[in-house]
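In the block that follows, a single chain appears as structure tokens, in the form predicted on its own.
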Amino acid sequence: MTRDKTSDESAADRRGFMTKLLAVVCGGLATLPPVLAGVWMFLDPLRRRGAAATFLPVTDLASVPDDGIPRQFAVVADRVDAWTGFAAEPIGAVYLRREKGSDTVEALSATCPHAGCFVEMESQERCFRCPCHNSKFTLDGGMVAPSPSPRAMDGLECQVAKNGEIAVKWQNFYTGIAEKVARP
């Protein structure tokens, strides 16, 4: 029995094609998991939602004298930046004040609503002043005209626990706009 040369070549071509096809499929399956893992890690920070505003402990009532003068306190919390976690890191600052004989505490964000700089307390003028663009605010956070700031200082919700611990509902707000809009 003699075989036809074309049928031998055809069989060899089919075997070669199947070998190549199997190599491509195996190679594709081998590279798929690392590619998917890379895409997953690249998109992971985009899938995370911003943290909702939460009450964070700032200080105790004894640290805020009842003289009506605001005092600055750091807001400290655990923070996650993309894949890296930071424990007990300052994430902002607030001014706390209370009036004579009162246990009610008022909280103002130390961030200027104009450009996001930290406002400073001017004790001689009894006001807040932004060092970046000279915005000026009253002790209760009201805007002093004329001012480059589009709105008054941002007030924050504040709670005083029975044990005297002061917690502030920490939020960042968009700067440069007249409306007080919380950032996600």
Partner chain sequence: MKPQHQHDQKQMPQRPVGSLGVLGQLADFLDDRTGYRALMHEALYERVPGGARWRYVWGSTLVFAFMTQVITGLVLWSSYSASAQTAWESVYYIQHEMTGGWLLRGIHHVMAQAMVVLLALHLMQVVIDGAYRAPREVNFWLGLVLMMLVLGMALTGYLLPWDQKGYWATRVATNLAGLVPLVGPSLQQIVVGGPDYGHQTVTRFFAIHAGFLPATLVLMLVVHLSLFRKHGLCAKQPITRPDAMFWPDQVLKDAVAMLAVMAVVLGVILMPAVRAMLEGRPIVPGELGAELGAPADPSQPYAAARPEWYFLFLFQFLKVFEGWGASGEFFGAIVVPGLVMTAMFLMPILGRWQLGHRFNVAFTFALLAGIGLLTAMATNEDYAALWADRSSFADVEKLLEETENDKAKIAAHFGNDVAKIAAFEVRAKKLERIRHSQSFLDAVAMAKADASRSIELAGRPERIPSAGMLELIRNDALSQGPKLFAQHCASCHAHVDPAAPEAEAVLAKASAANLHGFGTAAWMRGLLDPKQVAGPAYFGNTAHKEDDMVNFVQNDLTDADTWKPDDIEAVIAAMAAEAGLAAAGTAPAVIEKGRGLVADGDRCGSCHTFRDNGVAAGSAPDITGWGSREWLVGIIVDPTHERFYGDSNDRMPSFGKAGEGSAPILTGRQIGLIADWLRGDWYRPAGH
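Residue numbers count along the first chain shown, from 1. Not measured: the values here are computed from a predicted model.
Beyond what is shown, the protein has a form predicted together with the partner chain; the following relates to that form.
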TODO: With heavy atoms only and a cut-off of 4.5 Å, decide whether S63 touches the partner chain in the predicted complex.
DONE: yes
- [ ] Using the partner position in the predicted complex, report whether A182 sits within 4.5 Å of the partner chain, counting heavy atoms only.
- [x] no
TODO: Examine N172 and determine whether its closest non-hydrogen atom to the partner chain in the predicted complex is within 4.5 angstroms.
DONE: yes
Open item on the list: If we define contact as a non-hydrogen atom of the residue within 4.5 angstroms of the partner, is N134 a contact of the partner chain in the predicted complex?
Closed with: yes
Task: Check all three, P70, G101 and L139, heavy atom within 4.5 Å of the partner chain in the predicted complex - done: no
TODO: Sequence order please: the residues of 99-126 with a heavy atom within 4.5 Å of the partner chain in the predicted complex.
DONE: T111, H114, A115, G116, C117, F118, E120, E122, Q124, E125
